[in-house]
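Below you'll find only one chain, the form predicted on its own, shown as structure tokens.
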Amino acid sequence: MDPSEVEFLAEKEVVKIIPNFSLDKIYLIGGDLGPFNPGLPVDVPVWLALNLKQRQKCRIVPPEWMDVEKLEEIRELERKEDTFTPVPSPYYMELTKLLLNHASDNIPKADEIRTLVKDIWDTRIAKLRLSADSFISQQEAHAKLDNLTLMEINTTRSFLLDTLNCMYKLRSNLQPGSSGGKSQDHQ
């Protein structure tokens, strides 16, 4: 899965909008949306919220977690803990990027929020790299990936898979009965 596919999944997350138009309930394969009445909040997927925002048909209400104080708490907790702490949304990074790129005028303190989310991301990726290094150096056979998001896993996936494949090949060459260090790779 590449980052664009993860972003596609993030666009299915629900956000609240304040429409400035009237429309009866619409029936889509993914579920019913609406009705839309001016000034009354309604929950819609991010993809629709961004589309309506681009056409100046609504104002997007930022998710509850997209608040400076809450993000500062999350950042501090992430820095204190050795393990990965729960994140406010499984798509926190993608949602922040999408909403701040397309609706920053609807989000108070958008620049501070962008910086805080980047700090959280950097802290988590640094932890992930340290965990991967420890995992590899201790020659572990499995790892527990609690509280990681798809995008975070996706960031280190290729490196980790390549490393594990190399470790496997090295181990299989060191096994008794191997043919004198010759490669056992029959691909």
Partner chain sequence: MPCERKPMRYGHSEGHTDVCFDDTGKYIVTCGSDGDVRIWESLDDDDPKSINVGEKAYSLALKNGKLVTAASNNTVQIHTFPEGDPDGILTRFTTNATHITYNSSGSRVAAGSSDFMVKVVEMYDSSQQKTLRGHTAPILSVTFDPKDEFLASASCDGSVAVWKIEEQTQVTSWPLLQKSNDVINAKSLCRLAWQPKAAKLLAVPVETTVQLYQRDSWAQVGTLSDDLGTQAINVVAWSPCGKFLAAGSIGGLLTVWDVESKLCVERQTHEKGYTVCGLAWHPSGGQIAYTDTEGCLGVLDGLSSSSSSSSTTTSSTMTKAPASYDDLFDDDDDRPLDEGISEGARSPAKNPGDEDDDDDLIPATGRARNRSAFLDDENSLDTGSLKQGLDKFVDDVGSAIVLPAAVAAPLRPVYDGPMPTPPQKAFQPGSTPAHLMHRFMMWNSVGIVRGYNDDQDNAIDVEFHDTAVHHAMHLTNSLGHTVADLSQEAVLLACPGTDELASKLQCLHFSSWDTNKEWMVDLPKGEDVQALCLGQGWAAAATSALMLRLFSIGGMQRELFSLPGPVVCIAGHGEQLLVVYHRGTGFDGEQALGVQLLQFGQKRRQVIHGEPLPLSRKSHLSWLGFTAEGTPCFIDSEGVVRLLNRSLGNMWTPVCNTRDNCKGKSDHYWVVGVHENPQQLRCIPCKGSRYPPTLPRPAVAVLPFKLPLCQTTTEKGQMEEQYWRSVLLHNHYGFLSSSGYEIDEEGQSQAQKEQQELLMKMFALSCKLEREFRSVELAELMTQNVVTLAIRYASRSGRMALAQRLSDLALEKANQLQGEEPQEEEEEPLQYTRRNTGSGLGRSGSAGGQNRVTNVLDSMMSSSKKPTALLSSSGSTGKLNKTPFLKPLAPRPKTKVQHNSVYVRHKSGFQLWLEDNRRIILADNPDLEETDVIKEAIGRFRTLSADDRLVRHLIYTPSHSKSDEASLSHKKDPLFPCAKAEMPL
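All values derive from a computational prediction rather than experimental measurement. Numbering follows the first chain given and starts at 1.
Heads up, the form predicted in complex with the partner chain isn't pictured, but that's what we're talking about next.
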Q) Using a 4.5 Å cut on heavy atoms, which of Leu40, Leu161, Leu28, Leu145 is close to the partner chain in the model of the complex? A) Leu40
Q) Which of these stretches, 32 to 40, 146 to 154, 114 to 122, 128 to 136, has heavy atoms within 4.5 Å of the partner chain in the model of the complex? A) 32 to 40
Q | the partner chain contact at Asn173 in the model of the complex, heavy atom, 4.5 Å | A | no
Q) With the cut-off set at 4.5 Å between non-hydrogen atoms, does Ser22 touch the partner chain in the model of the complex? A) yes
Q: Decide whether Lys53 counts as a contact residue for the partner chain in the model of the complex under a heavy atom distance cut-off of 4.5 Å.
A: no
